[in-house]
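Form predicted on its own, single chain, as structure tokens, below.
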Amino acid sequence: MSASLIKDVKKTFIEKFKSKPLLIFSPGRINIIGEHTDYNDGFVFPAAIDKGIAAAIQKSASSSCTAVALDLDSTIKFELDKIKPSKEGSWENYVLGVVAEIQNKNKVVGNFNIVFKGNIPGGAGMSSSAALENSVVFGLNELFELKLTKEEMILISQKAEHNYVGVNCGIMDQYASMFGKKEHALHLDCRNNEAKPYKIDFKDHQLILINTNVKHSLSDSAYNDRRAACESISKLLNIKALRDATEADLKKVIDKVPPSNYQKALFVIQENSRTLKAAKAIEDNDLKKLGALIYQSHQGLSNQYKVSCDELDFLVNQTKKNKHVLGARMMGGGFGGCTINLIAKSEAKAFIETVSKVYKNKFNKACSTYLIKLEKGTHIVK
């Protein structure tokens, strides 16, 4: 958690609203392995990180609410009985959506002010949106004694994303941000929303994220095509979701589906299995095995599911030249964003320098790097 973020939102809140706020920190997340498995009812392996959103929130005596996005230097005022979605793509929808979804549960929220600021880079696939939604619902639950459970809170955050932001996301981001545990990753079953925390001892290794700083227009159609392919094969196999299929089941319908869709379904089945193997590797303290699974995940995302891009593939291929990197893969929806890398601590600095240089030469664009720690989920800052 960043102390300077908390300081900034608190100072701004007191100056602007002349009252003492409740302070919340809500983290972003990484996903160690298990990509595109969530909407197939499968397993994912996220963890909350030490970057996120800090929010200062308090009741307001005025007849409206004010929300201030400090990093964007942007402010909105709204009335609780007149909430409707703002223009597409605007930050307001994350706040307005959460308030609207709380009201849909027949919970009464009074007027409030909120100031927030984050240090998660946008578009990097670390879920700044889920962190923001969780900070709002968590703060309002506390202020107005709504008695919502954390499970109810993340469903409110998810619905805000569906109905106000227009992104039909799974539950992984909100779950990891809310329930994160220091030094743990959460092995989350996306069918029943239950997770088992695994303590990870990275020993003399650490996680580094490298941001390509590109976002190729992943038209919604690319995501929807993949989702539709998975659903049509599930239907053909007469099962609820690909989570229930084995490679042997899939072979039975090989002549009934286009080869490209067969590969996509095969990837999901294999990725789900890798996520279970990763849990075992962590249990056994076998970082080498975990790294190998992470590499296999990237290979599948790039060659079978086809959601990678030149920049992501380039970064992963660079790591293979360095024996101190145990594993690397693209993380998130794809077509840009970050790679996640498991590397020896002693080599991290040299590796970052080398990779930054070759990336700049190749793409005439800088990449960004972040060292991250696994942290606890959304909480009040005393």
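Rigid core: the largest C-alpha set superposing within 1.5 Å between the two forms. The first residue of the shown sequence is 1; numbering continues from there. Everything numeric here is computed off the predicted structure, so don't read it as measured data.
Heads up, the form predicted together with ligand GLA isn't pictured, but that's what we're talking about next.
Q: Residues in which of 30 to 38, 54 to 62, 337 to 345, 353 to 361 have heavy atoms within 4.5 Å of ligand GLA in the predicted bound form?
A: Heavy-atom contact with the partner occurs in 30 to 38.
Q: I need to confirm a contact call. Of Ala292, Ile171, Ala279, Val109, which residue comes within 4.5 Å of ligand GLA in the predicted bound form, counting heavy atoms only?
A: It is Ile171 that has a heavy atom within 4.5 Å of the partner.
Q: Can you pick the one in Phe144, Phe202, Tyr223, Tyr198 that has a heavy atom within 4.5 Å of ligand GLA in the predicted bound form?
A: It is Tyr223 that has a heavy atom within 4.5 Å of the partner.
Q: Would you classify Gly42 as touching ligand GLA in the predicted bound form, given a 4.5 Å non-hydrogen atom cut-off?
A: Looking in the predicted bound form, residue contacts with ligand GLA do not include Gly42, since no heavy atom lies within 4.5 Å.
Q: Please tell me whether any heavy atom belonging to Gly332 falls inside 4.5 Å of a heavy atom of ligand GLA, as the geometry stands in the predicted bound form.
A: Yes, Gly332 is a contact residue.
Q: In the predicted bound form, which residues of 298 to 331 put a heavy atom within 4.5 Å of ligand GLA?
A: Contacts from 298 to 331: none.
Q: Using the rigid core as the reference frame, would you say Cys230 shifts its C-alpha by 2 Å or more between this form and the one not shown?
A: Result for Cys230: yes, a 2 Å-plus shift.
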